[in-house]
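What follows is one chain in structure tokens, specifically the form predicted alone.
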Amino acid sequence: MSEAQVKVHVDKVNKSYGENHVLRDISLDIAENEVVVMIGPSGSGKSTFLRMLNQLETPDNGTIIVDGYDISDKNTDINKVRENIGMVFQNFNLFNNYTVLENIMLAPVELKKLDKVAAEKKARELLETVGLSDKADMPVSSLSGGQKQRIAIARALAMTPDIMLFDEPTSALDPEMVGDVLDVMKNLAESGMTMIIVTHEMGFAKQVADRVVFFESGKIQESGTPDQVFDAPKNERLQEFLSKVTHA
């Protein structure tokens, strides 16, 4: 991978919480327009790794370069870097007392100084993208979980990010709502967005990933194409993990 193509460069990153060594010497390069899906048991370090890419968690040591910015350097303006990184959380993190439109418009108006007219136009386009045009003026509190998560995706896209991070975006949803959210994410992947996704949805991972990365005990144990990882896993722990999650 040439340097020009590398969107995220992680080198020998470690993270501990007291005695708990959550990430152990993690190194990974992610290319522009690549969709990387991270799988593995709970507590294996996936979400911690993802949250380090926008400094919601900070590494104990090692280097993290995102979009050419060394975010492991204390002098880097992380807020500037975050403007180009969209993040979608497990629990939506929306403002329930605002309308759908207000939630999507808030960051562009506050941070990028888009005027309200332009921000509203963009927000309405994004609502169409996620299939919720009719909800623009509804309070967020009135929506279902699946609708809230699609609004959260639209809100992240409102900042026109270069990279989208998804931290188990469907794990808090009722099973029947999962499909709508995954469809939005599939369309986003097809549009060429650089995406890094932590998920337990193996079928989705097979469909959208350019690369699947298996975390276990704070290490990357195996990575490869979906065919390599799901159909011909080499790592014993990965084989065991897949036998449990695919036959659950």
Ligand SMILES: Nc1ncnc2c1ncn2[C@@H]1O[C@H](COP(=O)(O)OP(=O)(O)O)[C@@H](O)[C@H]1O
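Just so you know, these numbers come straight off a predicted model, no measurement behind them. So that there is no doubt, residue numbering starts at 1 and follows the sequence shown.
Form predicted in complex with the ligand: not shown, discussed below.
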Only hit among S47, Q221, N54, T194 for heavy atom within 4.5 Å of the ligand in the predicted bound form is S47
| query | Looking at the partner-bound form in the predicted bound form, is N61 within 4.5 Å of the ligand by any heavy atom? | reply | no
- Query: Can L238 be called a contact residue for the ligand in the predicted bound form at 4.5 Å between heavy atoms?
  - Reply: no
>> Although the partner isn't part of this model, could you tell me whether P41 comes within 4.5 Å of the ligand in the predicted bound form, counting any heavy atom of the residue?
In response: yes
Checklist line | Interface membership of V10, the ligand in the predicted bound form, 4.5 Å heavy atom rule | finding: no
Across 217 to 233, the residues having a non-hydrogen atom within 4.5 Å of the ligand in the predicted bound form turn out to be none
